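Here's a solo chain for you in structure tokens, the form predicted on its own.
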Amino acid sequence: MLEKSRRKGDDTRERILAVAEAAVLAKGFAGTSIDEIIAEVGITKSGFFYHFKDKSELAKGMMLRYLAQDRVVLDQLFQRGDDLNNDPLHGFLVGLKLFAEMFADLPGAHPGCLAASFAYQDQPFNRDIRALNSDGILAWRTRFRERFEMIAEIYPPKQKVDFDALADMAATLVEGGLVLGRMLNDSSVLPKQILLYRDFVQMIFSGGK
């Protein structure tokens, strides 16, 4: 009975976070109210405050959930690339192709990125949430830079390359591609950008062995 109650509580919390994320991506954090969230989830105010003491704690929960999901998706995609290729460059290129295909398979334009939405509205958030958002972007930089360093040991670029900047380019094009795709209502924008990035990475390292 206790386990069933705990599961139900976890399901409710997850539903609150999912509904809140959809609302924030549609109209921003400041424009999203607790009242509309509880109405959509179908709970009482006391039910909401059982899981989150205030809107700031909700924002932190949303960011932690987003970062965890982001990490799992990237881990799975690039692990699949490595499983298919015993080479750090070609495994990475396959991972990027799978990444592009994931976005191409969406039924419509991606609604956006929670991290970007929070960055655009930085003022309502406390230091902890800002730090989480920053950590998420830095995690992307670390992930990609470490891969580039591994690739360079086998395929050294002909010219000096700032691997941090090359890594940041991935996050930049994803965020920009999401915005442009949403503005144009064109779900093909981001996949095309990722594939161009893939070609660019391949060109940088193609002068090696």
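Residues carry their position along the shown sequence, with the first being 1. Values in this document were obtained by computation on a predicted structure and should not be read as measured data.
Another form, the form predicted in complex with another copy of the chain, is not on view; read the next lines as being about it.
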| property | result |
| --- | --- |
| Answer option from M150, L64, A39, A26, heavy atom within 4.5 Å of another copy of the chain in the predicted complex | A26 |
| Contact assignment for another copy of the chain in the predicted complex, among M102, L93, C113, L77, heavy atom within 4.5 Å | C113 |
| Non-hydrogen atom contact I34 with another copy of the chain in the predicted complex at 4.5 angstroms | no |
| L98: touches another copy of the chain in the predicted complex, heavy atom cutoff 4.5 angstroms | no |
| Contact test in the predicted complex: L178 vs another copy of the chain, heavy atoms, 4.5 Å | yes |
| Any non-hydrogen atom of D122 within 4.5 angstroms of another copy of the chain in the predicted complex | yes |
| Another copy of the chain in the predicted complex - contacting residues of 153-176, heavy atom within 4.5 Å | Q159, V161, D162, A165, L166, D168, M169, A171, T172, L173, E175, G176 |
